[in-house]
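Given next, in structure tokens, is a single chain: the form predicted on its own.
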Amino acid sequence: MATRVNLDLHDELKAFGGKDLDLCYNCGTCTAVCSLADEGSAFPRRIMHLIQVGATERLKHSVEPWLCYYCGDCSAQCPRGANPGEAMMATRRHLISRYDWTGLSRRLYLSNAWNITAVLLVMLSVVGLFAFLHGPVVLDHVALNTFAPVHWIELGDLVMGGVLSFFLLTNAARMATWILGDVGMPAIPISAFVRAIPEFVVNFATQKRWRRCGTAQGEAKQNRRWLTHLILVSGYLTMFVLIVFFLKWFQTDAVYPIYNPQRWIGYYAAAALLYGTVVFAIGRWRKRDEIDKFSAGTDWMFLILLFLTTLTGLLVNFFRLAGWPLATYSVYVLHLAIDAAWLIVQVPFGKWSHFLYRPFALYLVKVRELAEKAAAADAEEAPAAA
């Protein structure tokens, strides 16, 4: 089969953030120092080569960009300063834009104006809905569930969750089709998809691959980065579960005592989110480590919106406990507006999608491995049966 060459691929990846691709002469130092590369996944060198030769289709079928967790070792050791770590990040942005059948991801990654406009439109839409549809404004005491009936907020959460899941899962299905549809792959039995599920669950829950990434920088330093990332993820998942499944318990006008689980679970989630976003934002601002030296607009938007969502959520709780009705209602609307903007823009189309695609890529690698083992076993049994 003839391989079609895309002469614009090199420039396209530069637009997604791979600014120093021209400096790479494919020496392989990046792969040699990478703690995650192995014989089956010789990245970043292989990806750099595919970009340089314009192999768009082969890049589309590649899983290697998602196996990279961007520690920065490869960029630090590159003799040409080609920043292969950032090239891998640019490739992930490029792939997200290809998985997304709506075309929105591409616009958001390539234009800060699109990114900001999308966020503002969502926020204004939420504020507009509340301006016309809010409940009675009680001013002699805080009655949040009267101003914003919890059953309507719960319904809105479920509808939005369903829509976002549709976009995210259909994009993930395209990713799986391309990665598993590589030429030469054996037929994949259903059992392989089932048996590989623990691979996804474990990596999704523990983010354990971060601990193997960046060993050249010191195990203690990398463990801190892994732990910070894990804390951030745990805070997000905790808040997600509270809002989606326990909203009637979490959004209440009753003030529970401090020892009640409703209080300390919510405070843990908020503290974890604040800690994670602040630590990562400081790192990106200082630019001391390789991983923090290059930030796209979507990277900053992700952190800023998540931080503001958490901060306004805490302010709602503070004003509610203080007994300030108007402040509670106003900040609550702002909180939902920011949260909706973060979810709608970032989850299926932006930076958050890494949260799904990375463990899903490891799941697909496991599926492929199981399929190849099954095919080899069948091949060995065939002569015996004959």
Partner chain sequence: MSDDTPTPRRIGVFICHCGGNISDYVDVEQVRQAVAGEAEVVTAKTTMFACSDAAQQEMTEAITQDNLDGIVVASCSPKLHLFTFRAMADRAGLNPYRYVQANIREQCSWAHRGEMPAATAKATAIVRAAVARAEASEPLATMRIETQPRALVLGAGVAGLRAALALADMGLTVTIAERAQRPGGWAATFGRTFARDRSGAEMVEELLRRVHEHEHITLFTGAELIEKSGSVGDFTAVLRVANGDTVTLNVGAIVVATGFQDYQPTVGEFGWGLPDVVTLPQYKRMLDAGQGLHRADGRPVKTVTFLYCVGSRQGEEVERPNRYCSRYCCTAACHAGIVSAEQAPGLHQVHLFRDMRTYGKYELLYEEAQRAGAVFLRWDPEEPPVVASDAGGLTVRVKDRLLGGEELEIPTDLLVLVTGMVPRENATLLNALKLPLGGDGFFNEIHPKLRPVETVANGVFIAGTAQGPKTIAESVASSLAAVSKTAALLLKGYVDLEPFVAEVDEERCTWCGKCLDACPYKAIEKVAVAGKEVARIIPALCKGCGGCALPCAENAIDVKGYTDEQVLGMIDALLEEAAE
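Numbering follows the first chain given and starts at 1. Nothing here was measured: the structure is a model prediction, and the numbers come from that model.
A second form of this protein, the form predicted in complex with its partner chain, is not displayed here; the remarks below concern that form.
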If the cut-off is 4.5 angstroms on heavy atoms, which of these, 26, 330, 35, 317, is the one near its partner chain in the predicted bound form?
26
Listed residue that, although its partner chain is not shown, lies within 4.5 Å of it in the predicted bound form (heavy atoms), from 50, 344, 337, 63:
50
At 4.5 Å by heavy atoms, is each residue in 5, 10 and 45 next to its partner chain in the predicted bound form?
yes
Residue 174, heavy atom within 4.5 angstroms of its partner chain in the predicted bound form
no
I'd like to know whether residue 195 contacts its partner chain in the predicted bound form, with contact meaning heavy atoms within 4.5 angstroms.
no
At the 4.5 Å heavy atom threshold, is residue 354 in contact with its partner chain in the predicted bound form?
no
Residue 80: heavy atom within 4.5 Å of its partner chain in the predicted bound form?
yes
Heavy atoms within 4.5 Å of its partner chain in the predicted bound form: which stretch among 354-362, 319-327, 66-74, 53-61?
53-61
